[in-house]
Structures are given as structure tokens and as C-alpha cells.
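The same protein chain appears twice below, in two forms, each given on its own as C-alpha cells and labelled structure 1 and structure 2.
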Structure 1
Amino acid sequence: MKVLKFGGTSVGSSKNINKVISILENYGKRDTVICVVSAVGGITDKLLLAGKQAQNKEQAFLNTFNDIKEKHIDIVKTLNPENSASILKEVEEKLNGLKSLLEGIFLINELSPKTSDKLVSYGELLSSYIIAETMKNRGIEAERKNSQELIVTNSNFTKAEVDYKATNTNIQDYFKSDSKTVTILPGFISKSKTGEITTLGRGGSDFTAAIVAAALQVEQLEIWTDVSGMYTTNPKLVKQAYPIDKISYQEAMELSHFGAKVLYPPTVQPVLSLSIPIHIKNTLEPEATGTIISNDEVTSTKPVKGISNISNIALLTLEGSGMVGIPGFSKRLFETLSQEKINIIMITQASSEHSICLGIEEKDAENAKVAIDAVFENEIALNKIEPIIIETGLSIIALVGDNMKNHQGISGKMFSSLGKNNVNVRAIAQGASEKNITAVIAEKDVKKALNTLHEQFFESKTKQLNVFITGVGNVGERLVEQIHQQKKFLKDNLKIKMRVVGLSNSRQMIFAEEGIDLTNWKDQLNQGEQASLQGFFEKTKSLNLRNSIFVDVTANKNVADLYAQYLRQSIGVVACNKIACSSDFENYKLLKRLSLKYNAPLLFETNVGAGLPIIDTLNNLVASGDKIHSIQAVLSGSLNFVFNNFTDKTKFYDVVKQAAAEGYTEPDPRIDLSGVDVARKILILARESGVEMNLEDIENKPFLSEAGLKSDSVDDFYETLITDEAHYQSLYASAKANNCQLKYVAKFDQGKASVSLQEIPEGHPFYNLEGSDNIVMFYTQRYPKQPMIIKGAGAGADVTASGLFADIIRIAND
């Protein structure tokens, strides 16, 4: 004998009902089958909605009723295209009964729990009837039995308690004589001893099946649903979740108690003592193995078996010095809630006994407050305790596993990974059995928290990075392409899953939570919504994804001004934009502080020397205890290009124009030629060496002509290069006469920094610096005489993009 239960989705359409029937037919060839069915998917909710509407005197209840009616009639007709008449007649009769009940509710404008149970019972009565009759129509030996005649409960409407003695006798008696191959039972519904319709609580069809399985002591209970088993976490919220092969009763109970809706929590109870395994299977994918819940020794040593969540939680806090050491407070508190029929989901009490914190369903919060404040009225009036505090908009998340008790550091890992992702934990509870660790967090953070914890405990080897890029000009475009090309390599070799979730240029922006398809990102971006810097931030924030990284590939001050906002949301910032790190020292310090406080990396390697690992090297020297004595560097790829190409045979104007055309200069070449760009770079290196310094503190001896320095537009500036050619030629001539090369040099020494054009003699490491290369020499305590030298291409879109890429990877490896 087999007991199977099919849930709402499994019987939610004629297509799925056909799948159910074929599974039953197959089983029926080998065994007697008892099949418990839910209402057609979504119908219980609709019945309750119609009831509420009728109670509120809203005519719309008729529309809702019509939806319910059409759905059932459509299913009957599709399932029985040739012989639906007799089924339809009965179904319509039942629907008429439902309509009269709703009209009654409308008239008296009242919906008691008792009437509500009567109302929802139509769902399962209809589905079970339709399925049984369809099977008969198709020549399969099937019978429907109304479970209300079998399952006896008390009168606790909407969630009645089972009288097992009477129920077991009824079930055993009935099935002793029933010899039908397949018996269809409506789930969820039952009858009180006094003969009134009751229900077993939302999701209760699972429970019906367990009651029947236990009464008949069958070998196995099968729960057929719309997913392939009990998953490591809610598969609707975490894409990477996967079905658990085997799980203990206790673990399954904990997971379902803390929100894994796939199994109604009381289901385990009747089958547990008889050691009847529960097999969770997928109606839509019957060949999938599913999950076995049993007492079998589970060989896996995984400490955490699953993660679950419950939404719509309120936290009640009762606190006050008057509670300390006085017995009876908790008793009165729990009694009050019990009288109000309010279910407590979690409890925490600090050892100081100064406060008790309870997690309950949000819908019960108001009632709870009124009742508790009334019970403790005296103590509140005497200031012994505070009026109860209620916080809403919360959720519970729980880690579950029998094996957690044998492992140290699970909660440490749980809370540090939540903290790293800016998930604020409001309350924590851990049972002494250590089968679960529970935390209360804001509802808005649930998806991020589940994904973070799932990654931590179930995908330990892979890390998901969610990248948001602003500025897809030359460098940004290369970055996107590099990410696209390297995607597979990163996943296979570095276990990094990188997806670009947001992209923006100055006109448009696009987002895709599962990652933008990078094969045609440009077309998508062209059709994107209108870009705005704040809008980009808001969207990034609201997506609230773990390991989010904002990448600034602009040279825009307004973008740099938003870093603080990103960091405060624990969103990492990677920038090639130099403005933030060379801005006022206070701002630089603030950003560094925020980065630490919110555990959000702030990386800007490409601010100096494009893709060269200059800042990283400097940071490593400082972190390992070295002291920076001085830095000498050629840090401007553009100026190096200019002075490498400028001779008495070329014109200064032409060379600068060429540098601009080849993309070596900033859009405004004055930023490079005035030395400001280099000054910013040496400032950043000085700051990273640990020195407090501002841009004004850097000595800048300009080499531009008077007119060039004063020009107030880019065009005017270019004009001065032509008119002042003699000035520039004289610089070249002097260097040549001294057998030197012109190099634009940045220095940091004894806490002071300067930038200037210098004549470099032969033999000096700078002398042969080619093209747009950069060079940095670090003289430090460990490298006092022979400096540590970093040299290589210091400008260009590809190397800059790869520097940004390297920063992103650094975050992943963090």
C-alpha cells in the first residue's frame, strides 16, 4: 500500500493533473494506492479572498467566485473532452453551494473561523472529486473518499488538532474493506467531534497524507510537489540551491518550521515514531531522485544541511530592570500570547534577564501588544518595565543541521559573512541542541542573506561577484570585453562567478539581476533607460546583491562624489577616476574609514600607472612594516610620449595633438601638461605611504609658457602651443646641449612632494624610458640604495582596463 500526496501546482492545471493520473495509474498496477490531493493551485487563496471581499461588502467577491468557477469548469472540460456532462453537473452543484455560502457572508458581513473553514473546504472537495471522476471516466479503478469522514479533530477552526485515536480507527476500518486500486482523498480538511468542518492549517494536505500513512503503517509516504525535493534553501530565492538527497526527520522539521514551505511542519510528527520515510518528489520531473527524509544514518559530514526563511515577522521586546531575578515574568508573557492564540516562532533572552525578545507573525503583532501591555499594566505604570516594543518588516533566517554541534565556528562564519554584506542582524537564537541557528533580519535583506549564506556553506569554492560599471567609453568598453572573455576561465580556474549587473554611459543605463548578456551589451545599452548617477546608485542599492562592486570608469567628479554612498551600503568601489583619492584629505580619509567600517573594498590601482601594480606593491610594503623614504617616478604616459617624440625636427603642437589622438591625454590636455595629473598621482602615492597631504602642498614648477598656463579653453591652449613653439624648442635645446632627455618627474621625499620637467642624464633609469611607459622607484628601509623599480606601459585603454579587472579580482580573493 502506498500513500502519495499531490500539492496545489501538481493539480493546478489539466496538463499537470494528467501527469498525476499517469503516475497513479503506474503505481496502481503494482499496489493499492491512497492519493491525497490539495486544492487546485491558488484556489485556497482565492476562496479566502472571496470570503474577505464578501465580508467587507465588496461586490468583487462575485468576480473572484467566477474566476474559481471558470478555472474548475475549464479543467473538467479539458480533462474530459467527450464525457464531461455528469462531472460538470456535480461540480456546478458544489459551486452553487459555494456561491450561496459567499452570499450569506456578504449578507451578514461576517466571516468567522468556522465559516472560513467551510469556505476553504470547497477547494479540496472539488479537486479530489474532479480527479477521481476523470480517472473513472478513463477506466481506471478509482474512488473518492471524503477525508472529513476519517479525520477527527477538536474545534480549533483553521488549525484544528487531530484526535488520533478516533482518526486512526476510522482510517484503519475504512481501508480494511476498501479494495479499490486508487483512493483519492481531499487533503487539508477534517471534521470536529461535533460534526463541523475543520481544517488542519495552511499547507495541511501534507499532514493529511502523513496521518493516513501513519494510521496504515505504510512503508513510505510520498509528497509530490513542484520542486525536486527539499532544497538546500528556497529555490525561488537562490538559484544555486539544490535538492538534498537525504535528511533526518529533525532537520526536515527544523527547516520546515523555519519556512521551507515544501513540507508543512506537523507532517513529520505522525510518521516519525513509526520510522516511515517521507520521499519528496517532483510531479513535473518524476525521474528526479528527490529527497528522502528518514532516521537513516546520514553519511554526509556537512555541518549545515539547509537554510530557510520566514517572512512577515515582528519582533516583540519586553524590557526593564524590574524583570531581573523575578520569577514569573516569562510565564505571564507566554500565557498571554497563548490565550491570544499567538504562535511564538523564536525566543531570545539575554542572561542579564533585562529583556526578552520574541519573534511572532507580523499579523499578530498588534493583538500581542495590546494584550501584553494590559497584562503588565501595573509594572509599566511603576516603571518596572517599558511598554512592549514592536518592530515589523522583519524576517527570520535559520541555518539547520544535526551535525552543526560537532563543528566550531559555524555561527562565526554565518554572522561575519552577513556582516560583510551589510546585513544587520536584529536578534539571534540558538537552541541548546545546536540543530539550528536563527537570526532576525530586515525583510529587504532576505534574498541577499540567503544567497550569501548559501555561497558560504554550500558553494564554498565559488564566489559570485556582481559588478556595476559606470562609464563605458574607451577603457570601460575594454573592461566589459575582458570580463566577457575571461568569464569561463574565472569560473573554472579561480572559482569566481562574475556577472555585470549594471552598465551605464552618460546617456543610458541597463540592469539585469542575473547578469547582462555581454554578447550584445551595446545594443541593449542603446535601448536602456535614461541614465542618472543617483538613479544608478538607487538601483544598485535596491537590488541589494551580495558582493556588489561599483566600477567608476569615468573622469567625472560627480561620480566620485557618490563613492561614500556606495560604501555605506557595503558596495565595493573600484575606480580609475583619480578625483576622489586626490580630493581633499578629509574626504580621502572619510572614504578609507567608510571602506573599513562597512567592509567594502575601495580599490584604485589604476589611478597611478594604469595596469602597473604600483599601489598594491606600495600597500604591501607598508603593511609588512617597511618605511617609504622616497619615491621618484615618471608617472605620465602622455607626457612621456610627448617628450619622447618632441625634437628639433617636430613641432610641440603636432606632438601634443598626436598624443591626444592616440588617447594618451585626458580629454583636456592641460590637465596633463600643467602637471596636475602627475601631481594627483604622486599625492595618492604619498597618502598611501601614510602621509597627510593635499594637492596644494605639492610643488609644481610648470614648463608651459605663460600664455599656455593662462589659456581658458582647450582651443586657446592649442593656439599657444603654436605661437610659443620657440619656448618649447628652447627646453629641448637645453636638454640636448646637456646630453640629457626631458622627463616629467614626480618626487616624494622627506614628506614633501614635487612635480617638474627635468633634464635626465644618460645612465639614469629614467633616461631610456620609452613610448608612454611609466617608472616608479621606491627607496625604502628595505630598499635603501637600490630602489625597488616598477616599469611598464602606464597608459592605454587595454592596460587600464586590465588594471581595473585586477582590482575586481582582488576583491573576489579577499
Structure 2
Amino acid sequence: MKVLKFGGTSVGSSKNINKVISILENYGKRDTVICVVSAVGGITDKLLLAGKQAQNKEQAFLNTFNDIKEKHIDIVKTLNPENSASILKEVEEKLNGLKSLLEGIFLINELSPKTSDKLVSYGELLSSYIIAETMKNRGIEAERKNSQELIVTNSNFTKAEVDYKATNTNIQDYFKSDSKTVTILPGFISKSKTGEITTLGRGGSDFTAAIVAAALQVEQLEIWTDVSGMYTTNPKLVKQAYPIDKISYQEAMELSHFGAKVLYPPTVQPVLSLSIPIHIKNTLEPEATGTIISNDEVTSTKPVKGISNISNIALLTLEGSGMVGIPGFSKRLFETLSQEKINIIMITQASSEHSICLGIEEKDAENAKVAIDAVFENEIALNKIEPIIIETGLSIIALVGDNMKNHQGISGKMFSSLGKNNVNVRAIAQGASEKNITAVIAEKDVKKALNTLHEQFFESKTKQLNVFITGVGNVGERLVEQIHQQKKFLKDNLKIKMRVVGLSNSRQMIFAEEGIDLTNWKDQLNQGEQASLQGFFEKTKSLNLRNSIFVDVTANKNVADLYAQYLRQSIGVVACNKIACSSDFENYKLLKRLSLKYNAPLLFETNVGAGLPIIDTLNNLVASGDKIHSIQAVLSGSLNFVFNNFTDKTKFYDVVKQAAAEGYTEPDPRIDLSGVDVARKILILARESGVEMNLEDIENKPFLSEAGLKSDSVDDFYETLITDEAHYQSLYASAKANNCQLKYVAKFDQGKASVSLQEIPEGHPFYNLEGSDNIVMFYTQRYPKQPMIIKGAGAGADVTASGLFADIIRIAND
């Protein structure tokens, strides 16, 4: 004998009911089947709504009733296209009874719990009748038995308590003589000892099935729903969630208590003591394995079995010095909430006894405050305690697993991963059994928290990065291409799942929470919304995704000014924009502090030397205790390109134009040629070596002509290059006469820094520096005579993009 229960979604449409009938027919070929059904999906809510409308003298109750009527009649006709007359007649009679009941409520302007139970019972009575009669029409041996004739309760309407002795006798006696292959039972409904209609409360249909399964001591109870079992977490919020094959009763109850909608805890109680397994199955995918809940020992390598959450939580805090050492406060607090019929979901109290925190449903918060403040009115007046404090907009998340107590560090991993993603924990509770660890967080952070914890405890150490890129010009475009090209490699080899979630240029911006399709991102961007720097930040913030990284591929001060906002949201920043880290020293230090405070990486390797590991090497030297004595460097790939290609047979104007065309210079070449760009780079290196310095402290000896320095625009500047060609030729001629090469050199020594164009003699490490290469020489305590040298391509879109890419990957590996 099998006991199956089908929920509201499973019988929510004629299409789904056909699936239910198919499942029952197949089971009936092998065994005797008892099937408990819920009301058609959404009907219970409509019945309650119609009752409220009628109670409030709203004529709209008739419209709601008509919706209920049309829904059932449509299902009957669709299921029985050729033989529905007799079924429709009975259904319409039941619906007429429902209408009369609603009209009575309307007339007397009252909806008592007793009447409410009678009202909502129509849902299950109708669905069970329609399903049973449809099966008979199709030649399947089936009958319907009214559960109200089997399940006996007290008169506690809306949540009746079962008389198990009488109920078990009724069920056993009936099914001894019942010879039908399939018996359909309406769930949720029952009758009191005095014959009044009652209901079993929330999860009542599951409860009905469990009562029947326990009374008949069947081998297994099957709960059929619209998902393939109990998931590791909410699959609507976490795409990577997957069904749990096997789980214990205790774990199932914990997950159900903390919001898993598949099962309601009282369902488990009748079968728990008899060790009857519960199998959660999917009506829409009957071939799926589902989840088996039992007492069988489950071997699992994962200490955490699932992650659940409850939304719409309010946190009540009772605190005051007058509570310390005084017995009775907790008793009075809990009694007050009990009298108000307010359920406590979570409790936490500090050992100092100075405060007690309670988690309750948000809808009960104001009622709770009024009641508690009234009870403690005297203590509040004497300033022994504070009026109750209410915090709303919260949610509870919980890690659940029988084996958590045998594994150290679960709590540490949980709170560390939440902290790294700026999820603030308001309260914590953990029982001595260590079957769950509970935390209260902001409702807005639930999705991020669940994804973060699921990644930490259930995924094969694959870290998801959510990347937001501003500036998709020459370098930005290459970066997007590199990410797209390396996507599979990163996942397979580095266990990094990288998604570009936001893209922006100066005109448009686009976002896709599941990741932008990078095969045609340019077309998408052209159709995007109007770009806004603040709007881009607000959208990034509102998406609230874990492991978020903002990538600045601009030279825009306004973008750099937003770094602090991103860091305060625990969003990492990767920048090739040098403005922020070469800004006022106090702003530089602020960004560093924010990065540490909010655990948000701030990486800017490409600020100096494009993709060369210059800053990383410097940081490693300092971190290992080495001291920087001096730095000598050629840090401008653009200037090196210019002076490597400028001769007495070329024009300075032509060479600069070529450098710009090949992406070696900033859009405004004056930034490079004036030495400001190099000054910023040596400033950043000086700061990273531990020296407090600002840009104006750096001696800048310009080589540009006076007209070039004073030019008002880029076009004007290019004109000066033509008119002042003799000036630039004289620089070249002097170097050639001295058998030297022109190199733009940055120096830092004894706390002072300078940048200037210099004639480098043959034999010097800078002499043979080719193309757009950069070179840096670190003279340190450990490298006093022979410096540590880093040399390589220091400009170009591809290498700069690769430097940005490396910083992003570095964040993933932290």
C-alpha cells in the first residue's frame, strides 16, 4: 500500500491534474494507492479573500466567487471533454453551497474561525471530487473518501488537534474493507468529535497524508510537489542549488522550520516515531530521484546538508542594566508573547544578561511591542530597562546538518564568507546540538548571502566573480575579449566562474544579472540605457552580488572619485586609472583604509608598467621586511616608443601621432608628454614603498616647448609639435652627439622624486630599452648594488588589459 500526497501546484491546472492521474494509474498497476490532494492551486487564498470581502460588506466577494467557480468548471470541462455533465452538476451544487455560505457571511457581517473552516474546506472537497470522478470516467478503479469521516479532532478551529486514537481506528477500519485500487482523500479537512468541520492548519494536506501513513504503517509516504525534492538551498535564489538525495528527519525539520517550503515540520511528526520514510517527488518530473527523509544513517562528506531562510522577520530586543542578575525577565517576556499567540522563531541572549533578542514574524512586531512595553511598564518608568526595540526588514538564514558538530570551523567559514561580501549579521543563535547555525541579516542581502554560503559549502571550490567594467575603449575592449576567451580555462583550471554583469562606455551602459553574452556585447551596448557614472554605481550596488568587482578602464577623475563608494559596499576595485592613487595623500590613505575595513580589494597594478608585476613585486619586498633605498625607472611606454622612433629623419609630430594611433598614449597626449603621467607613476611607487608624498612634491622637468606646455586643446598641442619641430630636433641632436639615447626617467631617492628627459649613455641598463618597453630598478636593503630589475612591455592595449585581468584573477585567489 502506498500513500501519496499531491499539493496545490500539482493539481493547479488540468494539465497538471492529468500528470497526477497518470502517476496514480501507473502506481495502481503495482499496488493499492491512497492519494491525498490539496485544493486547486490558489483556491484556498481566494476562498479566504472572498470570506474577508463578504465580512467587510464588499460586493467584490461575488467576483472572487465567480473566479473560483470558473476555475473549477474550466478544469472539469478540459479534463472530461466528452462526459462532464454529471461531474459539473455535482460541482455546481457544491459551488452553490459555497455561494450561500458567502452570502450568509455578508448578511451577518461576521467570519468566525468555525465558519472560516467550513469556507476553506470547499477547496479540497471540490478538487478531490473532480479528480476521483475524472479517473472513473477514464476507466480507472478509483473512489473518493471524505477525510472528514476519518480524521477526528477537537474544536480548535483553523488549527485543530487530532484525536489519534479515534482517527487511527477509523482509518484502519475503513481501509481493511476498501477494495479500490486508488482512493482519493481531500487533505487539510477534518471534523470535531461533535461533528463540526475543522481544518488542520498550515501544511494540513501533508499532515493528512502523514496521519494516514502512520495509521496504516505503510512502508513510505510520498509527498508530490512542484520541485524535485528538498534542495541544498532555495533554487529560485541560487541557480547552483541541487536536490538532496537523502536527509534525516531532524535535518528536514530544521530546514522546514527555517523556510524550506517543500515540507512543513508537523508533517513529520506522525511518521517520525514509526520511522516511516518520506519521499519528496516532483509531479512535473516524476522520473527525478527526489529526496528521501528517513532515520537511516546517511554518509556524507559535506557537514552542511542545506541552507534555508525565513523572510519578513522582525528582531525584538529587550535590554537594560536592570535585567542583570534578576530572575523572571525571560519568563515574563515569553509569557507575554505566548498570550498574544506570537510565535518566537529565534532566541539569543548574551551571557551578561543585559539583553535578550527574539526573532518573530514582521507582521506581529507592533502587537508584540505594545504588549511587552505594557508588561514592563514599571521597569521602563524606573529606567531599569529600555522600551522594546524593533528592527524590521530582516531575514533569518540557517546552516543545517547533523554532522556539523563533528567539524570544526563551520561557524568561522560561515561568518567569514558573509563578512567578505559585506553581509552584516545582526544576531546569531546556535543550539548545543549544533544541528543548525542561525543568523539574522538584512532582507536585501538574502540572495547574496545564500549564494555566498552555497558557494562556500556546496560547490567544488568554484568561486564566482561578478565583474562590472566602465570604459570599453581600446583597452576595455581587449579586456572583455580576454575574459570571453579564457572563460572555460578559468573554470576548468582555476575554479573561477567569471561573469561580466555590467558594461559601460561614455554613452550607454548595460547589465545582466546572470552575465552578459560576450559574443555580441557591442550590439547589446549600443542598445543600452543612457550611461551615468552614479547610475552605474547604484545599479551595481542594487544587484548586491557576491564577489563583485568594479573595473575602471578610463582616465576619468569623476570615475576615480567613486572608488570610495564602491569600497564601502565591499565591491572590489581594479583600476588602470592612475588618478585615484596619485590624488591627495589623504584620499589615497582613505581608499587603503576602506579596502581593509570593508574587505574589498583595491588593486592597481596597471597604474605602473601596464601588465608588468611592478607594484606586486614592490609590495612583496616591503611585506617581507625589505626597505626601498631608491628607484630608477623608465615608466612611460608611450614616451619610450616616441623617443625610440624619433630621429633626424622623422618628424616629432608624426611619431607622436603614430604613438596615439597605436594606443600607446592617453587620448590627450599632453598627459604623457608633459611628464604628469610618469610623475603619477613614480608617486604611486613611492607611496607603496611607505613614503608620504603628493604630486606637487615631485620635481618635473618638462622637455616640451613653451608653446606646447601652454596649449589649450589637443588640436592646438599637435599644431605646436609642427611649429616647434626644431626644438625637438635639438634634443635629439644633443643626445646623438654624446652617443646617448633619449629616455624619460623617473627617480626616487632618499624621500625625493623627479621626472625628466635624460641622455642615457651606452652601457646603462636603460640604453637599449626598445619599443614601448618599461624598466624599473629597485635598490633595496637586500639589493644595494645590483638592483632588482623588472623589464618588459609597458604600454599597449593587450598588455594593459592582461594586467587588469591578472588583478581580477588575483582577487579570486585571495
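What we label the rigid core is the largest C-alpha set whose atoms superpose within 1.5 Å from one form to the other. This one's a predicted model, so the numbers in the text were calculated from it and none came from an experiment. Throughout, residue numbering runs from 1 along the sequence of structure 1.
- For the form predicted together with aspartic acid, the corresponding chain is the one labelled structure 1.
- A movement of the C-alpha atom of Asn26 falling short of 2 angstroms is seen between structure 1 and structure 2 when the two forms are aligned on their rigid core.
- Shown in the overlay between structure 1 and structure 2, fitted on the rigid core, is a CA shift at Gly471 smaller than 2 Å.
- In the core-superposed comparison between structure 1 and structure 2, Lys52 has its Cα shifted by at least 2 Å.
- Relative to the superposed core, Glu103 has its Cα moved 4.2 Å between structure 1 and structure 2.
- Once the core of the two forms is superposed, the Cα of Ser192 has moved 3.3 Å between structure 1 and structure 2.
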